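Here's a solo chain for you in structure tokens, the form predicted alone.
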């Protein structure tokens, strides 16, 4: 089986490498070829376009940054849906608009191409270790067919329902993630103002009911002033914008979602969109 992989950035590069380590043969494409060099060094085959990946692969996996990027690589004469072989499977692993993935699913069905939405959670560390959480929407039979491939990239893989359900679950995940990260940052902002030792506070928080993945991942980076992206702020705000739109359609007013979106948007406004989520501490350190 030949797998095509489109998007070899912070997340995609590590995910694709895990597929190679599991013995899968990969065709790869990325807008910046240098970002795929590690994969090429490990045996992946470079393709010059999305079209070339699509027409030479049995399963096409994509993980790009924004819904507009997803739409660009799936639709049009050079896109996946126009060029993939009948009977192939396309898996959108980006965090995107549920309605867009429903559109991909319906168009794919007309062309004889099965489509799944399978966004991931777990950040750069999870991508590197192959321990991502993967939430899947689409036809369950297709999900079961590609499950071994997904298991090469993740350790918790859950079928959520029909087309778009994977993205809906990811929205719930991002709401919880952003609000929890906000709480972690504010806890240390408070501890700093109180004159407490950060390491001692961390020892207590990580041993009790306040423990979380965000605490374990972000606190050590905050202490080291490491604001590099495990997950870009600009991508988080993109996700929160989608979540807000979906919540509005549902008639929900989610205050933690609205507040976390506002705070992270403030960092983007100050030119920090390419930093990691832990950079939210900067809002308090400058006081």
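So that the term is clear: the rigid core is the largest set of C-alpha atoms that superpose within 1.5 Å between two forms. Predicted model, so just to flag it, every value in this text is computed and none were measured. Numbering follows the first chain given and starts at 1.
There is another form of this protein, the form predicted in complex with a further copy of the same chain, and it is not shown here; the text below is about that form.
> Which residue, 81, 142, 187, 150, is the contact with a further copy of the same chain in the predicted complex, using a 4.5 Å heavy atom cutoff?
Contact with a further copy of the same chain in the predicted complex is made by 187 alone.
> To verify the annotation, which of these, 50, 39, 233, 243, has a non-hydrogen atom within 4.5 Å of a further copy of the same chain in the predicted complex?
Among 50, 39, 233, 243, a heavy atom within 4.5 Å of a further copy of the same chain in the predicted complex occurs only for 243.
> Hey, in the predicted complex, does residue 263 get a heavy atom within 4.5 angstroms of a further copy of the same chain?
Output for residue 263 is yes: heavy atoms within 4.5 Å of a further copy of the same chain.
> Though only this chain appears here, would residue 88 touch a further copy of the same chain in the predicted complex if you measure heavy atom gaps against 4.5 Å?
Flag for residue 88 set to no.
> Taking 4.5 angstroms as the cut-off for heavy atoms, does residue 125 touch a further copy of the same chain in the predicted complex?
Looking in the predicted complex, residue contacts with a further copy of the same chain do not include residue 125, since no heavy atom lies within 4.5 Å.
> State yes or no: in the predicted complex, is some non-hydrogen atom of residue 168 no more than 4.5 angstroms from a non-hydrogen atom of a further copy of the same chain?
Taking the distances in the predicted complex, the answer for residue 168 is yes, it comes within 4.5 Å of a further copy of the same chain.
> Considering a further copy of the same chain in the predicted complex, find the one stretch among 108 to 116, 88 to 96, 73 to 81, 176 to 184 with heavy atoms no farther than 4.5 Å from it.
Only one stretch passes the 4.5 Å heavy-atom test: 176 to 184.
> For the heavy atom contacts within 4.5 Å of a further copy of the same chain in the predicted complex, list the residues of 99 to 138 involved, in sequence order.
Counting only heavy atoms within 4.5 Å of a further copy of the same chain in the predicted complex, the contacting residues of 99 to 138 are 133, 134, 135.
> Would the C-alpha of residue 201 be classed as shifted by 2 Å or more between the shown form and the other one after rigid-core alignment?
Superposed on the core, residue 201 moves its C-alpha 2 Å or more between the shown form and the other one.
> So, does residue 6 move by 2 Å or more at the CA between the shown form and the other one, with the core held fixed?
It does not reach a 2 Å shift.
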